[in-house]
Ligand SMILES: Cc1cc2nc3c(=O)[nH]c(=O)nc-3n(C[C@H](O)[C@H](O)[C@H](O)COP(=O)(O)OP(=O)(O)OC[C@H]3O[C@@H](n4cnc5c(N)ncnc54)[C@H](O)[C@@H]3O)c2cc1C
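Form predicted on its own, single chain, as structure tokens, below.
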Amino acid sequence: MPNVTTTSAPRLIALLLDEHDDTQQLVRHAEDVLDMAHPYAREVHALCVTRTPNPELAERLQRLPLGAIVCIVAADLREPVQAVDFTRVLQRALEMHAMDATDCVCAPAGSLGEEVVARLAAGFDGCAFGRVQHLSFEAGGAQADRTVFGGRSTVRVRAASGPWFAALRTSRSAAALAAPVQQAKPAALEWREASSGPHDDAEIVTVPGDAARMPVETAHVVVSGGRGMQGSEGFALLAQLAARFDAALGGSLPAVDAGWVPVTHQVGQSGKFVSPSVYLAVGISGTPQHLAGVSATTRIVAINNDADADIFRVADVGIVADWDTFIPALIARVDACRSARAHTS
């Protein structure tokens, strides 16, 4: 195990993992960590890992009151994104910065962030808090608040010694969002190049998934239906679409209550919290209770025949259409594209 030293300046380290090529989300995570660290006067550093240089990200981070910014370009990061690749790069970088027993490392909440911090905690013989909503620090160590039972309850876990590692899922307060960005002296900025290898070509094996069995909380893509699907036949069609994308099948509370989808696949405040790369919401109105179960870092694609549905206010892509005509057309288009690709390869 790497040696863990003890220094006099406890730090929070914001990990910015360029999974979706979304600069805004990366900056928002850094702001969330700064917001959380403020009451405890802990210094915050940013450690970014991207495939290509991102000057815009570096420039925006330098506007924030960060202690230091390290931007690492790892051109050999694989597709699909692998947590082990990010971990290799990050572990070497953190070893260079002499991890402290009072340091805390925060990645964005999500399946990637959770796996990365768990791997790092094992590598540094530290404490893995998992996905948390808040962290606080005191003389006796650190404590984290975690939601359980689909968000219906919160538990507080404590650890006396670190370093601590967490995937931070936070909703910044209205006051914090409204506050102007602090203009600070530009933080020290360092660019590095790194390799995420060595890679084992046999390490990644693609296995067709079963949408009806795949857990929604760990899926990279979730195809979810709501009351607008009107019956189990609609969900059978969604399952066919999900199979094309190796996605999990989800549903809203009304769809679960109607018996169209199992309760284990319910997404929302009273169901599962999901953080896929893409969340395809079909026939879902977009109530706050349902959206509470979808990560803020997820890209939402909404299909609904009601142009005024609330889901369109948060969707990255909105499609006004009847699902019973659009979904079959989408399945046919996906099949046609795959067939054409197969003939040209």
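Predicted model, so just to flag it, every value in this text is computed and none were measured. Throughout, rigid core stands for the largest set of C-alpha atoms superposing within 1.5 Å between the two forms. Residue indices: 1-based, along the sequence shown.
Keep in mind that the form predicted together with the named molecule is missing from the display, and what follows is about it.
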property	result
Partner proximity in the model of the complex: residue 321 to the named molecule, non-hydrogen atom cutoff 4.5 Å	yes
Residue contact check: residue 226 to the named molecule in the model of the complex, 4.5 Å heavy atom	yes
Residue 306, heavy atom within 4.5 angstroms of the named molecule in the model of the complex	yes
Exercise: residue 289 in contact with the named molecule in the model of the complex, heavy atom 4.5 Å	yes
Contact assignment for the named molecule in the model of the complex, among 196, 102, 269, 143, heavy atom within 4.5 Å	269
The named molecule: the contacting residue among 136, 240, 82, 230 in the model of the complex [heavy atom, 4.5 Å]	230
Interface stretch in the model of the complex with the named molecule - options 85 to 93, 188 to 196, 252 to 260, 109 to 117, non-hydrogen atom within 4.5 Å	252 to 260
Threshold 2 Å Cα movement between the shown form and the other one for residue 59, core superposed	no
Threshold 2 Å Cα movement between the shown form and the other one for residue 226, core superposed	yes
Rigid core fit then residue 292 CA moved by 2 Å or more between the shown form and the other one	yes
Cα distance between residue 113 and residue 266, which in the model of the complex differs by 3 Å or more from this form, closer or farther	closer
Change in CA distance between residue 18 and residue 303 in the model of the complex, which is 3 Å or more, as closer or farther	farther
